[in-house]
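One chain is shown next in structure tokens, namely the form predicted on its own.
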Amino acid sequence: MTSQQTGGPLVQLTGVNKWFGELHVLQDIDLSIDRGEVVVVIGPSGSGKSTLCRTINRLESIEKGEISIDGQRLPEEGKQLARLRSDVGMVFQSFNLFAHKTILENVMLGPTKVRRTSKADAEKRARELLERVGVSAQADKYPAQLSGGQQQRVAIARALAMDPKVMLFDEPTSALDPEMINEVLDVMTSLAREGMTMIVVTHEMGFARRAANRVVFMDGGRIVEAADPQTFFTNPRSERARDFLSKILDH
């Protein structure tokens, strides 16, 4: 039964807890994300944002609670996990492209290997996606020949090639030079406008204001507050959020 039938959220985290040894990095996280919603997760370093992002496709295991995607609970491991994980696109700080493969081959790899798409169909789709993220002219080059901003846009195209139900972005611009940040954020903003369900961990407050339906503020492994961008940025409820915003928005 899909969430479209049940009307339930596309991503649901219920009572999620995670420890690294003694450190309780995620504490009783409850979060639900609707189809087509863009949720931006912000907060100080070490607040659990990236860990939260990585639990959603089981790159990090959880000790307590449950996570479901499109009405299906995330299994611990095995084939079913691989299948569910392929519904979740992930874009990291580092681009993780295969250095020995061309840009086109990088984008085709997932669909041909995991989805068993034919080479011809995978290539057609890959070229469309490279066009969409603005790097179609680079299709036959290798990652090292591209700028960081171009490589990150290829990484987004590669994730989209799997036709995911939800896209996770874990600080996708933090390794980029300032002049490249906007070219990546622009691609993400257009994805958001087209209705892609997105969970974005970022320090880019302009993107949060522009593209988010909801801003989730984390601190100390907990969700402290969540609100629409207008409310959150103009009138945060918690002292922690006010303190955080005063530090970053004054610079």
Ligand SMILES: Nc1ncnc2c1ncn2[C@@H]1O[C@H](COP(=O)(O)OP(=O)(O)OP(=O)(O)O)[C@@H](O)[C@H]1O
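These numbers come from a predicted model, not from an experiment. Residue indices: 1-based, along the sequence shown.
If you look for the form predicted together with this ligand, you will not find it shown, but the lines that follow are about it.
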**Message:** Is Thr51 near this ligand? Define near as a heavy atom within 4.5 Å, in the predicted complex.
**Reply:** yes
**Asked** Applying a 4.5 Å heavy atom distance criterion, does Glu171 contact this ligand in the predicted complex?
**Response** yes
**Asked** If you check in the predicted complex, is Gly36 within 4.5 Å of this ligand, heavy atoms only?
**Response** no
**Request:** Answer for Ser47 alone: is it within 4.5 Å of this ligand in the predicted complex, judged on heavy atom distances?
**Result:** yes
**Complete:** Of 22-30, 65-73, 192-200, 178-186, the segment with heavy atoms within 4.5 Å of this ligand in the predicted complex is residues 22-30
**Request:** For the heavy atom contacts within 4.5 Å of this ligand in the predicted complex, list the residues of 121-157 involved, in sequence order.
**Result:** none
